[in-house]
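Take a look at this one chain, the form predicted alone, written out in structure tokens.
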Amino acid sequence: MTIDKRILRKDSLEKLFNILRENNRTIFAPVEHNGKISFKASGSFSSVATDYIQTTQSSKEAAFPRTEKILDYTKTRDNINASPFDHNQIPEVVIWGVRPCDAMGIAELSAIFNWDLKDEIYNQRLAKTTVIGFSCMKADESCFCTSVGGNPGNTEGSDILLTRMGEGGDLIAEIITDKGAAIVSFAGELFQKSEEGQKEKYLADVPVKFNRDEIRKKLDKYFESDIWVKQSLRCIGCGACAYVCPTCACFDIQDEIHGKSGSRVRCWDSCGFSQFTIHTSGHNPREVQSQRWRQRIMHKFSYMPERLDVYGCTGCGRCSRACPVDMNILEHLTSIQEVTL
């Protein structure tokens, strides 16, 4: 659909939040706790954080939870009876306050979960999720969305994108999808027609730091390069980068058994973990951390664009902020572009 631009008055933001709750939407919003801002189910507008560049965790957990039950089962003498996941348990969710780099990550996740077989649980969660994004008015040295095809006011992935017109000002509302239009249909009095549509002057300045297509071309020749050893010397394989990333989708399947019954659960994993690729025989094709770091970069900037026609990085900078040993992905990508073999 054509983007419909409206104005949302600053004093209508809380009204919109309350209307969504009244219409049986579970709202995941940025909430501050112990100095960190993460998406949590929020019951009141007053609990929502507003002064942040980026949340500590991404919003991907709404469609791809950290742990989720796939099925329950019961063993009998002659059989195993399985009860698949009940899709009716999935609530209608609104993710509130998503930055454009997070919203952009939805396309990457969807490409992964629909590459071969269609992941029914993921698609059902996504179908019941509405994204209300907020453009970025400020950025920091870890932000590089413009280097990977995004920008601080990117509409991709959002159903409604709000851009504040100056500090404490009214908001430009871009109604992007049918899900966004559905919200306007029951909160229409809050969205006013307006000629104001130039949001660029209110957006953060994020300069381009590298060319992702140039990096992709170089990576084809870099597989055996010693650059991976140099870059990974500090890496401790903790997986923090994968757990905060809006596009990382590695997972494991575990059975939780209680006597003759149990549940099969999908849970987050990371290709940075030493045991991620270990075989039953004991052989590990990625036995050292440099090989696992290479996999992370190659997957996001070579394998995904080749196989799925999307890049696996949105430039949110979370991995650099979360890394306990300062593995700065922006610095590493820039160095790859600059090095000549």
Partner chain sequence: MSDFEPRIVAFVCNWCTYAGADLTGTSRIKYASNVRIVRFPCTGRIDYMLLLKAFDEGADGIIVSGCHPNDCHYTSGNFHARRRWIMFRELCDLMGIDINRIQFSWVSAAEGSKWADVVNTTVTKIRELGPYTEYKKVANWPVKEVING
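In this text, all values refer to a predicted model and were calculated from it rather than measured experimentally. Residue numbers count along the first chain shown, from 1.
Although it is not shown, the form predicted together with the partner chain is what the next lines describe.
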item	value
Per-stretch contact check against the partner chain in the predicted bound form, the hit in 162-170, 200-208, 249-257, 76-84 (non-hydrogen atom, 4.5 angstroms)	249-257
Residue contact check: residue 263 to the partner chain in the predicted bound form, 4.5 Å heavy atom	yes
The partner chain contact at residue 299 in the predicted bound form, heavy atom, 4.5 Å	no
Contact test in the predicted bound form: residue 45 vs the partner chain, heavy atoms, 4.5 Å	no
Contact test in the predicted bound form: residue 293 vs the partner chain, heavy atoms, 4.5 Å	no
Interface residue in the predicted bound form among 179, 212, 218, 125, criterion: non-hydrogen atom within 4.5 angstroms of the partner chain	125
The partner chain in the predicted bound form: contacted by all of 39, 61 and 89, heavy atom 4.5 Å	yes
Residues of 61-77 having any heavy atom within 4.5 Å of the partner chain in the predicted bound form, listed in sequence order	61, 65, 66, 67, 68, 69
